[in-house]
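Before any questions on binding or motion, here is one chain by itself as structure tokens, the form predicted alone.
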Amino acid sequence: MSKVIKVLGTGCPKCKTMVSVVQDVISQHNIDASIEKVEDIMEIMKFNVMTTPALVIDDVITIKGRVPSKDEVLTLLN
């Protein structure tokens, strides 16, 4: 079953880095997942996230306020 990954952030450098890290992990490990970049502040607030970037996997907030390592993303996706 495909994972739904959302990166919440307004487009700051950390947010862009998080998207890049997640994309790298998905492509390197052939993980069936879709990535959605959520930049609308109203949509971000629906997740009750006050610090970005935030990583949401299958509607569960897993990381907020920092950029994770590739190993950490891989662990979260498995």
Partner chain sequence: MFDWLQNFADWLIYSVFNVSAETHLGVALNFFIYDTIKILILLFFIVFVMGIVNAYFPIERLKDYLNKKKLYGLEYFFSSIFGAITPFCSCSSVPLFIGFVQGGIPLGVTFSFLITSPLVNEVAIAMFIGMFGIKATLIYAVSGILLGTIGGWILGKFNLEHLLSEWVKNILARKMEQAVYKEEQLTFYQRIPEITQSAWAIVKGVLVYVIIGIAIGAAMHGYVPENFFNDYLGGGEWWTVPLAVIVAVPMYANAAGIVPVIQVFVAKGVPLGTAIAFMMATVGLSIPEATLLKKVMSLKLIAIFFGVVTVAIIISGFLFNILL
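Residue numbers count along the first chain shown, from 1. Quick caveat, the model's predicted, so the values are computed rather than measured.
Just so you know, the form predicted together with its partner chain exists too; it's not on screen, but the next bit is about it.
- Using a 4.5 angstroms threshold between heavy atoms, R66 counts as touching its partner chain in the predicted complex.
- Using a 4.5 angstroms limit between non-hydrogen atoms, T51 touches its partner chain in the predicted complex.
- Although the partner is absent from this view, Q23 stays clear of its partner chain in the predicted complex, with no non-hydrogen atom inside 4.5 angstroms.
- Along 40-61, a non-hydrogen atom within 4.5 Å of its partner chain in the predicted complex is carried by I41, M42, M45, K46, F47, N48, V49, M50, T51, T52, D59, V60, I61, in order along the sequence.
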